[in-house]
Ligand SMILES: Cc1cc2nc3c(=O)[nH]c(=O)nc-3n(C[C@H](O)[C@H](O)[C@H](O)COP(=O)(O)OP(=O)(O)OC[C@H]3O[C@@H](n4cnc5c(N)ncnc54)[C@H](O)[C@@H]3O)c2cc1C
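Encoded as structure tokens, the following chain is the form predicted on its own, with no partner shown.
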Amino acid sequence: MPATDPIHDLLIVGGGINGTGIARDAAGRGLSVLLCEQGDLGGATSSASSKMIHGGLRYLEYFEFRLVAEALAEREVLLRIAPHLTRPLRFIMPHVPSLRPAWMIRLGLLLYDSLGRMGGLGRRVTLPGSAAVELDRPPLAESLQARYRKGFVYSDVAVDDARLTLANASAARLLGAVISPRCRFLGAARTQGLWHATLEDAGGRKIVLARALVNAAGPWVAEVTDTLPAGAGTPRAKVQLVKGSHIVVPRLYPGEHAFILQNDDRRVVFLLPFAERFTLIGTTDIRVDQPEDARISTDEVAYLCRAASRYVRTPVEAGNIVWSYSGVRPLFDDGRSDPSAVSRDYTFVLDRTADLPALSIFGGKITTHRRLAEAALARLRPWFPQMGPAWTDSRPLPGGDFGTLSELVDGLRQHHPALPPSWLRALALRHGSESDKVIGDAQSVAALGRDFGGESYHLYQREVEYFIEHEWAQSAEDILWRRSKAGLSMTPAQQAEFASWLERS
């Protein structure tokens, strides 16, 4: 297996939000980057989040002030650079005196607001602050059981996590990075002043050369570390795998607000408006042994249904579930026994043996992926003094260079009056200002090709071909559940027919 040219500055293992975020940042600083991902980009934890860019209100109880402040600042950055994939969201917290006193919640929210303003660093903070709210008045009275009369409201941000990962990968590619999904990392060795890494894809095995290796493999971070030669004096960090599961049900309440619900175990469960007609409920915290254990259990289903049913007027039952998913968080093992208490902050372990660095990343959140990338490159700067300065907080991600979403949607409808308005809106939410690249020269519905169904979302052949040609999609799951959420609006028969069509194409 001869080595393939050229020599890359960085070999990044892992195509989740952290790996693609580092690839984007590094490529923009002038480094040559190769990213390999064993499956689909964002195919594991990065598409299985709670779909939020948030400071983490509950982390204040664990004194994670730096993490919360950094995350709160990132809300504004991501609203600015990815306006098609993010949107402000108001969260309602019903007050339950037996769980937390009102003064404690109010004090926590005031601190949350204060940390958010501090994180603005002189920039305008657009999200409104917290306040007390009466729950027995419309529209909230239509949502909750009558016993909940008072509560609090604060701001965070909703996000399309899978598409945010893809946007970072696309940006990195535009800047010269090589993005290789479905390319497995088998191991690497330090030889003749370079990393010699063995990769395997559909074409077989090959050797690639790099000056530095970044292990951003998420739940597989320890497995990748175990394939590398151990440096003298470099500790083997431990990872704690914590599963978070979610369920999706038909919309439980009117309005575009979310709920944060206190539970008897002192955890919180979120209800979020999702994909127009649904409510997302999550999450759980269950320690698991393997990344492959990312499957929702019957106990988790019961837990989430019970937590939501305690508050909303319409009881949530397992039979209501239209979709469920689980992800495994690769948290740095800090010795805590309670999975909910383990820090969500990121930790780096740097092995600098033979002056050939290997940087392994533990933990992190989708919210702080951009700051994590900056911190990772700061760790690697001694080996790449020529790299440029930090830059990613001001340049829009692909599709993010437009004014307001309503203006974008109105423009699409004016320029394409023959195309379905609901589909054009869905297109704007997925592709932003790049929607016209998907539409191309289509002037009629017939020109969009086959309609695979999906009620208001309607998945058309033209967009499917765009996913395949420009966004690395290969399987039905890639398209129905990550590039889009069209699977939610399709019948099982439509999903099966689409998968069959894709396999034949």
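What you see is a predicted model, and the numbers here were worked out from it, not measured in a lab. The first residue of the sequence shown is number 1, and the count goes up from there.
Not pictured, yet referred to below: the form predicted together with this ligand.
For the residues Gly116, Pro94, Gly400, Gly327, the 4.5 Å heavy atom test against this ligand in the predicted bound form is passed only by Gly327. Using a 4.5 angstroms limit between non-hydrogen atoms, Val224 touches this ligand in the predicted bound form. This ligand in the predicted bound form comes within 4.5 Å of a heavy atom belonging to Lys365. Among residues of the shown chain, Trp220 is one whose heavy atoms approach this ligand to within 4.5 Å in the predicted bound form. This ligand is not drawn, but in the predicted bound form it has no heavy atom within 4.5 Å of Cys305. The partner is not drawn, yet in the predicted bound form one stretch among 403 to 411, 138 to 146, 357 to 365, 308 to 316 has residues with heavy atoms inside 4.5 Å of this ligand: 357 to 365. Contacts between 46 to 78 and this ligand, taken as any heavy atom within 4.5 Å in the predicted bound form, involve Ser46, Ala48, Ser49, Ser50, Lys51, Met52, His54.
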